[in-house]
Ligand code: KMH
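As a starting point, one isolated chain is supplied in structure tokens, in the form predicted on its own.
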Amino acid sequence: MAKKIWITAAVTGAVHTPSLSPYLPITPEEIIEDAVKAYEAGAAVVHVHARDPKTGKPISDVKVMEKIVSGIKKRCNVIICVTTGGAIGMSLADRLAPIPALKPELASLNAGSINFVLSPMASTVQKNGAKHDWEIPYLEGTYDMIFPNTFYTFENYCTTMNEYQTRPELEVYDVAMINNIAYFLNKGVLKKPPYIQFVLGILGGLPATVEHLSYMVKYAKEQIGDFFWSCAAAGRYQFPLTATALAMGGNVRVGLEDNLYLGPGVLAKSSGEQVTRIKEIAERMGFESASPDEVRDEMGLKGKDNTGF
């Protein structure tokens, strides 16, 4: 039997807006439910953002995030990965705030700055009819905005995570970010082996192709040595590229943050549906999916009983 792979579900994110899908979870209760469905379908990890319960706009309210993560923890054993990417326009302090407050097992850490462009989706929202007045300006505003993740931010976030024994999940959108990781490993800020999430298909980052994923993994091995890794791909590239990652020996991320669809023209009703799909693909390839506790052991996570929620 090949090694066990682990599945992450990114359940809501800060990319899509409510008008793009009626199934996008908005309220804490909906986000909790989507996370639990993903766990029941086979996800070992869920990646969570918070949204305004009334408007669906991504927010940095730690109390809302605490309600979400504590609700998930009460209902299942899944590993909870808390975002520090936040959303467009959030301050660096707001993005980091959940770490000292909640002390999660796992948290995202973006490995470099990027043009993170969502503006093409504004035309779809206009076509569907915007449910909220913030949606179109939010999407269109990314055409003239940089998602900032400086070296200072990287070190500050990582140092804070180290203090609370939270493992960073390093989000990598482009090849240069691998150099950033190597720098902080050499400096001793990052602990070995690091955990990398390759995220492809974002406008402003590397396109979601087999060639790009293959090169990034190869280059990371050359620069870093041993590391854990997973792959996420935006939109219609989600399943083709995550299947490729499985064949290459990696782990996978699916979920409504990355892709609203289950297939061409078919909206996914939950992140759990996408987890079921990628788990079926993995099993047909001869892989078995790991449980949350198996992933905790493999990555050396501190355990859910040592979090702050």
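The model shown is predicted, which means the values in this text are computed figures rather than measured ones. Note that residue numbering begins at 1 and tracks the sequence as displayed.
Below, we turn to the form predicted together with the named molecule, even though it does not appear here.
Participant: Checking a candidate spot here: are T8, Y237 and A243 all in contact with the named molecule in the predicted complex (at least one heavy atom each within 4.5 Å)?
Facilitator: The answer is no: none of the three residues contacts the partner (heavy atom, 4.5 Å cut-off).
Participant: In the predicted complex, which of 119 to 127, 226 to 234, 188 to 196, 170 to 178 comes within 4.5 Å of the named molecule (heavy atoms)?
Facilitator: Stretch 170 to 178 is the one.
Participant: Using a 4.5 Å cut on heavy atoms, which of T153, S108, S113, T160 is close to the named molecule in the predicted complex?
Facilitator: None of the others qualify; the residue that does is S108.
Participant: Which residue among L20, A290, A14, L301 has a heavy atom within 4.5 angstroms of the named molecule in the predicted complex?
Facilitator: Answer to the contact question: A14.
Participant: In the predicted complex, does F147 have a heavy atom within 4.5 Å of the named molecule?
Facilitator: F147: contacts the named molecule in the predicted complex.
Participant: According to a 4.5 angstroms non-hydrogen atom cut-off, is G201 in contact with the named molecule in the predicted complex?
Facilitator: Output for G201 is no: heavy atoms all beyond 4.5 Å of the named molecule.
Participant: Heavy atoms within 4.5 Å of the named molecule in the predicted complex: does A101 have any?
Facilitator: Result no; A101 lies far from the named molecule in the predicted complex.
Participant: Taking heavy atoms only, is T83 within 4.5 angstroms of the named molecule in the predicted complex?
Facilitator: Judged by the heavy-atom cut-off of 4.5 Å, T83 is in contact with the named molecule in the predicted complex.
Participant: With the partner left out here, which residues of 27 to 58 have a non-hydrogen atom within 4.5 Å of the named molecule in the predicted complex?
Facilitator: If the 4.5 Å heavy-atom criterion is applied to the named molecule in the predicted complex, 27 to 58 yields H47, H49.
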